[in-house]
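Okay, here we've got a single chain as structure tokens, the form predicted on its own, with questions on binding and movement later.
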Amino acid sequence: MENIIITDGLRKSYKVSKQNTLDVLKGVNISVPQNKISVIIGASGAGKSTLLHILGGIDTPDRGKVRIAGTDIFSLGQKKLSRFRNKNIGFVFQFHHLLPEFTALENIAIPMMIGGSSRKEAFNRAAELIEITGLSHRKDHKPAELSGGEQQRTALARALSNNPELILADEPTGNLDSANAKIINDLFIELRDKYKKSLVIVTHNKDLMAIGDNLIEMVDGVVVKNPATTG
């Protein structure tokens, strides 16, 4: 099985005072299989979100490597890394971070225009994505006019805007009721099965864990379980 992500010895510490540092990641080695749903679990403070942010190039490790589809992302300069991230990785967070002054459709189209697509191309693609997430009837509504579940589906459509191979999600159903969480879960399954996306999801949600093909368990900055890890 092909792996879309391979990490090697990831370490990350934060200075909490002049004398003390907090070791968040302590030599993390994981493999993430392509076209599968990988779920990262563990207690609060285990290092899950820090790991996810490093996998996405949002944060940098103190030591170690992240290879995505064969590219060592931290060997790229900042400009190339930003371009790589924009093209290859979609992010979905617990808090959707939609731009309040723009409609759902505009929120989805904007990253594509930033990436160089024409306005027409961006809005055509946004219309396709809003259809996939079942929000065509809400496309002209601003975030404040959308329910929490609709906002998160808009954020998911936005994450797909540049057709990335990899989707990273941090507690994507953390603020949703069970009905809306199920809609998101079903969309993740569709993205894997129909659109051949690779997903890495940090969650405490048992239903979301249940759809995972590869369960990565963390304890105190160390991965204690990752079935896909080779060697």
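The first residue of the shown sequence is 1; numbering continues from there. As the structure is a prediction and not an experimental result, all values here were calculated from the model.
Although not depicted, the form predicted together with a small molecule is the subject of the following passage.
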### Query
Does the small molecule get within 4.5 angstroms of any non-hydrogen atom of Ala43 in the predicted bound form?
yes
### Query
Does any heavy atom of Gly47 come within 4.5 Å of a heavy atom of the small molecule in the predicted bound form?
yes
### Query
Is Val223 close enough to touch the small molecule in the predicted bound form, meaning at least one heavy atom pair within 4.5 Å?
no
### Query
If you check in the predicted bound form, is Val24 within 4.5 Å of the small molecule, heavy atoms only?
yes
### Task
Using a 4.5 Å heavy atom cut-off, indicate which stretch of 185 to 193, 161 to 169, 65 to 73, 49 to 57 touches the small molecule in the predicted bound form.
49 to 57
